[in-house]
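As structure tokens, the next two blocks hold two forms of the same chain, structure 1 and structure 2.
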Structure 1
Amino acid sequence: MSFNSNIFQDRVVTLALTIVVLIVVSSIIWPQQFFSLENLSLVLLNLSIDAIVAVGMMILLISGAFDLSVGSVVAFAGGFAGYLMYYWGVYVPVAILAALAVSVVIGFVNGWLVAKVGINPLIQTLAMMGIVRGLALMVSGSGIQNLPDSFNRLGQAQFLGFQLPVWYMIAIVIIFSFLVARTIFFRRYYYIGGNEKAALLSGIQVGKMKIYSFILMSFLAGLAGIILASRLGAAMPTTGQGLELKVITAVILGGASLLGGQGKIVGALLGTLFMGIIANIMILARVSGYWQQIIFGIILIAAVAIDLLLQKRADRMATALVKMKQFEKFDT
């Protein structure tokens, strides 16, 4: 197989090249609007929340699962922290820790019911999405504003020309890129997603690992919700609507598979970057909001279709390789 074909079979590399082409073309079409530090910082700021959630979703998809409740957790965590600070006068660090703790509990419930009771992740997290969204409406009402300045600064302060959420995103991507690539604990998720029964027979505690992955997913979603509330200076119950589908689309584009067993954290970042650039291009092109939703839906279908086609191709190649080895053994 040639060097070029190897490159284009790597979906992370292909996506990175696609992003470069998008940036070049957009810079030519909108030289002043698109290719500017102000627009770049805005794109990164808008996708920072999605990217933080996408890191957790990538790990879940590597293990062969996914979570549809993340958007609701984003809204609830920000709303719960805002409720504690605004109505109860709780100190900012305590409110943040409490919101993260509640997010972890949500993740634990999801993971326990999926791993121990055997509920399908689609059904479980879809039900949890409705439950947590209802809790977000209860604590946030029509919205909580006038949050403490010390809390707002966590999402509104700037460093080197970018708001802090961008730096949070970069830090989380770097940390989990190292953990997933280098630590035994996170490498186990590839074995679980690749062949759960074989992972179980090899001594991996699959049930516990699944619970941990759902806890991590909800923790990152809760953290993203707190950062978003801080950035907006308000906790709104409607935040995070549709986030789960955007994140799943971005992660699949970034190299994850619905069948599990593959993906890289940098792919999650590139997938969200691709979605963010597409959204920015549609705004510059003055595409209607209705059409934007349609286009993102088409991208999701295309991403899943590409994933399935690549999986079928990989299965055919594996089958052909096995037959070749059997033939060579017979021939000798």
Structure 2
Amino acid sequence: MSFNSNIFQDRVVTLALTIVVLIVVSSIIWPQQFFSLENLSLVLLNLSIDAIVAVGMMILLISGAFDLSVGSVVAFAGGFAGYLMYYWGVYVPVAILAALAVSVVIGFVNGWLVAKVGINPLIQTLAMMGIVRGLALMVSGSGIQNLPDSFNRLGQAQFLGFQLPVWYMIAIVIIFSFLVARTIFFRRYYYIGGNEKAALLSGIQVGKMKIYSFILMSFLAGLAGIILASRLGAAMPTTGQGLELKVITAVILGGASLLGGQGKIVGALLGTLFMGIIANIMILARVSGYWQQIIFGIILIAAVAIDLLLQKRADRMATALVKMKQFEKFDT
């Protein structure tokens, strides 16, 4: 039978463990401030946008690509929906659909140029990052205030103690965790990322699949942008700046690899959660000014190094176990 007890080899497990340790330690040090529902709800709310984008980025990274234009798409989708609602008085659902549709088009252009023309994803999505940021500034100028109440409620209403974006995030993570684990369609991204040539030889239509993944990425970024705009009650063209790197880092922390073929959706959530918790802890610890960046960097490195150590230790244990089993076999 397979040797499945070596769960420490799974980044999701070690990361979850690290997060639990962080939470326990912080709760002991700051018993009142850290471990409250209120605090948790705020932490989750503030990472909901990142986590939604991270889900799409995880799928892209599984397939061996990434997208730098997501931050711009976040700004643009919110701005475009806002523009339609505010200046043209478009009905809220229609504006949302229109903004999502345009996001999908952006994703299609990225995917098409990467998959069919063969432009390097870094260059393509970097160029698109600039283009879409320009468009975002164009549609929303200095920001569009006073969006319709029915729109704002989508991001501001509460449900069971959490603001809606938290629920959206949870829903998206659950849905995509399930889809990626269980459907043939999403499973293909593991083949593509694991060995593109082999995927092609196995009859997977790699080009098309790539286009779909970029479309999905832009769709989720657009959705995140709309949620952010409704949370802010305003569309601001400067939102989402630097988001791409933050999200890619979180996703890699969560078990993806730039080489592709690895990762689980829940890792995207854990990665963003981890970064969110560290930031939170630093504020609790009154780390200020330039020390924030320095200490954040050190914690990040330390956490990953510990994780690797855990994995190696687990590896060694696993091998030792296998060995015992094998030698038992010899001796009989």
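Between two forms, the rigid core is defined as the largest C-alpha subset superposing within 1.5 Å. No experiment lies behind these values; they were computed from the predicted model shown. Reference numbering: structure 1, starting with residue 1.
For the form predicted in complex with another copy of the chain, the corresponding chain is the one labelled structure 2.
Relative to the superposed rigid core, the position of the CA of Leu300 differs between structures 1 and 2 by 2 Å or more. For Leu42, the Cα coordinates differ by under 2 angstroms between structures 1 and 2 after the core has been superposed. The two forms line up on their rigid core, and Ile283 then has its Cα shifted by 2.8 Å between structures 1 and 2.
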